[in-house]
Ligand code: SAH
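Encoded as structure tokens, the following chain is the form predicted on its own, with no partner shown.
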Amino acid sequence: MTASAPITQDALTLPRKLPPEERTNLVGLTRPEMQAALIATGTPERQAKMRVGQIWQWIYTRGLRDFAAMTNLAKDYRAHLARHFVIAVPEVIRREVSLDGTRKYLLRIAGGHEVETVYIPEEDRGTLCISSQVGCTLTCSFCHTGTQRLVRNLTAGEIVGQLMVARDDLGEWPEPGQPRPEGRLVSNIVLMGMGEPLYNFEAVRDAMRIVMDHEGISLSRRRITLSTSGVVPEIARTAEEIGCLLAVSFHATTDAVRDRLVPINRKWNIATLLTALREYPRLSNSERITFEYVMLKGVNDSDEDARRLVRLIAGIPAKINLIPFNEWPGAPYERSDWGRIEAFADIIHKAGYASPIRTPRGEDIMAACGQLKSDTEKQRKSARRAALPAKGDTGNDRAAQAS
């Protein structure tokens, strides 16, 4: 980074500092968007590209949130940035750490809405599960988020911000003056949290481009997996515009069962989905599609289901992740018995497909998607009910009792 030349007052807009809600958040802007925003607020066009590079590294390499600390920018220019922009990430309102090391964050975003992010440490990686929507429209019957109505899509900044919050909590930003650490605590991202990523495609795409940018966070596209329930028209676009790995929430081997478990199947059925997957532009043996298959007792876990699954995906380079159902209060399903899951996995493995059984994680902190948000909402409702006066009671009555 090189020292910047002073910016003249004539090139700047009014020196008044805008209130935070009127300032533009730089987190989540692509490079062209950031450049346009800088120019629009007075940065000379000939300097704007260089300024983007400098600011970008402070935000995404160093994790900096304070313009005043951007020491390779002139002092008056730093003040100018602070008048017009913010560097903001979601607010952590609840953080749970499991006995197995899993961390779950309940985050507050603009408008007071809440989303969840989960960090799962393993021996060879650290995976961050990111949300793309507040709630969900898909109403998958086994998914707790499916019980929560869709409120809105997340912005690119709110998606990138989840990763930045996790890095804050893990202490993963390099110390001032120190090079970037060799190892990564967050080495992988999975877009498997709240919402359907392909129903918020542009924001997800822009967020992942920021995450992959080699001058910032710099995660490889092969370290990012996008999970879809089967939004067929956007599948090829995912390969072309994001280039990440693809996972599919499959969960059933007949349309009758999948219609019930994953209702989007009524719009794009199994045959239509599999055709799109076979044509996936990045499909190769080195970049297999992951089929996610939650194991539900007596619903989709028979030997015949396993054999049918193998027949359905024939010819598709793939692996099948078998997911023991993470039960939640009021869930209409039970987890398959462990012996049943192993028998199912054995059939798939003998057919030549990898069939790892996902180890349940974070059950003691309600790590199933949507559970922490629902639990927090229940606690708030209980607190509000407790604060209400009993029938026939008045504030004066309570004051008299207290005295």
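Quick note: we count residues from 1 along the sequence shown, nothing fancier. Note that the coordinates shown come from a computational prediction; the quantities given were computed from them, not determined experimentally.
FYI, the form predicted together with S-adenosyl-L-homocysteine (SAH) isn't displayed, but the following is about it.
S.K.: Does residue 251 make contact with S-adenosyl-L-homocysteine (SAH) in the model of the complex, using a 4.5 Å heavy atom cut-off?
M.R.: Yes, residue 251 is a contact residue.
S.K.: Taking heavy atoms only, is residue 161 within 4.5 angstroms of S-adenosyl-L-homocysteine (SAH) in the model of the complex?
M.R.: No, residue 161 is distant from the partner.
S.K.: Given that the partner is absent here, does residue 153 sit within 4.5 Å of S-adenosyl-L-homocysteine (SAH) in the model of the complex, heavy atoms only?
M.R.: No, no contact at 4.5 Å.
S.K.: Using 4.5 Å between non-hydrogen atoms, is residue 280 touching S-adenosyl-L-homocysteine (SAH) in the model of the complex?
M.R.: Residue 280: no contact with S-adenosyl-L-homocysteine (SAH) in the model of the complex.
S.K.: In the model of the complex, which of 153 to 161, 167 to 175, 119 to 127, 290 to 298 comes within 4.5 Å of S-adenosyl-L-homocysteine (SAH) (heavy atoms)?
M.R.: In the other structure, the partner sits against 290 to 298.
S.K.: Please pick, from 192, 203, 242, 318, the one residue with any non-hydrogen atom lying within 4.5 angstroms of S-adenosyl-L-homocysteine (SAH) in the model of the complex.
M.R.: Of the candidates 192, 203, 242, 318, 192 is the one lying within 4.5 Å of S-adenosyl-L-homocysteine (SAH) in the model of the complex.
S.K.: Of these, 219, 323, 306, 81, which has a heavy atom no more than 4.5 Å from S-adenosyl-L-homocysteine (SAH) in the model of the complex?
M.R.: By the 4.5 Å criterion, the partner-contacting residue is 323.
S.K.: Need the contact residues for 22 to 52: heavy atom within 4.5 Å of S-adenosyl-L-homocysteine (SAH) in the model of the complex, sequence order, or none if there are none.
M.R.: None of them.
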